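Before any questions on how it binds or moves, here is one chain, the form predicted on its own, in structure tokens.
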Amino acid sequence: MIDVIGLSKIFNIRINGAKVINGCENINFSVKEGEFLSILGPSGIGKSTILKCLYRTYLPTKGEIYYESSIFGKVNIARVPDRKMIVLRNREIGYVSQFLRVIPRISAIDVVLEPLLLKNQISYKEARKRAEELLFQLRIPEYLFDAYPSTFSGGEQQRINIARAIIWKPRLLLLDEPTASLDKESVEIVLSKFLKLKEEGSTLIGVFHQEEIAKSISDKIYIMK
């Protein structure tokens, strides 16, 4: 599904003089449809930069990212027009960041169900039912469903973040440290959700610090040095 060839990202910083920072350099890997690839490496080495290039939050400096889209066929994410990239994000590619960024006065349940309303033609009632089931499974207490995520703990916010990303079952899901702020029991639940998503046909690429977590869930591991 994905071929990453010679991917590099350079940042030009112009504060107190010009500086050049290598975000990542000469990254090469392939992922088949339905596989789970984990990216391992120390902090600051560029793991998140790779994901942001795949999602096109960052425009790669060099290299190609060939993606087999169900809508457009084979496209190069490094070069595809912005309008097509927006369609890919809305219809095929999901992203779990390390931080939950939502409108402050939107309830947790509405944050989670929103992608279902935007991407699938279902009623609010049905979308809410699916969101409630998922939040129960992720151990979010029912009394928090209609509360604002900005009041939640870091672990609760991350579970809301994950629920929002997986509820619409994206064709490709990018995961940036999805388990970093979770307790052991929550980690096990979340990993089981990722595996179920994979069994249902999704392809996943995740960034992790813990090698044991990566090995427990991955088909392939890409190690950055």
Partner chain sequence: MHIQPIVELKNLTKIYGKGCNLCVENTGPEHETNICVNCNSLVACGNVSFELYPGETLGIVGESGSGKSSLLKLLNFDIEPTLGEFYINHEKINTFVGNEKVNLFNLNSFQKRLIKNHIIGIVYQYPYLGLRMKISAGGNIAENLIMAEWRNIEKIRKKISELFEKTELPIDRMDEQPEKFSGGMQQRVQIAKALSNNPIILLLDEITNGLDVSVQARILDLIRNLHWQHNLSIIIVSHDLSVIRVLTQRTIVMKYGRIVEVGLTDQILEDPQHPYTQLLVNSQL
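Numbering follows the first chain given and starts at 1. Keep in mind that this is a model prediction, so the values were computed, not measured. Just so we're on the same page, rigid core means the largest C-alpha set that superposes within 1.5 Å between forms.
There is also a form predicted together with the partner chain; it is not shown, and the following applies to it.
Enquirer: Quick one: is A78 in contact with the partner chain in the predicted complex, heavy atoms, 4.5 Å cut-off?
Expert: Judged by the heavy-atom cut-off of 4.5 Å, A78 is well away from the partner chain in the predicted complex.
Enquirer: Does the partner chain come within 4.5 Å of any heavy atom of R56 in the predicted complex?
Expert: So R56 counts as contacting the partner chain.
Enquirer: Within 4.5 Å, heavy atoms only: does R101 come near the partner chain in the predicted complex?
Expert: Although the partner chain is absent here, R101 would touch it in the predicted complex, with heavy atoms inside 4.5 Å.
Enquirer: Flag E132 as yes or no: does it have a non-hydrogen atom within 4.5 angstroms of any non-hydrogen atom of the partner chain in the predicted complex?
Expert: No, E132 stays farther than 4.5 Å from the partner chain in the predicted complex.
Enquirer: Decide if the three candidate residues K125, L191 and K220 all line the partner chain in the predicted complex, where lining means a heavy atom within 4.5 Å.
Expert: Spot residues vs the partner chain: no contact at all.
Enquirer: Which residues within 199-221 place at least one heavy atom within 4.5 Å of the partner chain in the predicted complex?
Expert: None of them.
Enquirer: Would you say I15 moves its Cα by 2 Å or more between this form and the one not shown, aligning on the core?
Expert: Yes.
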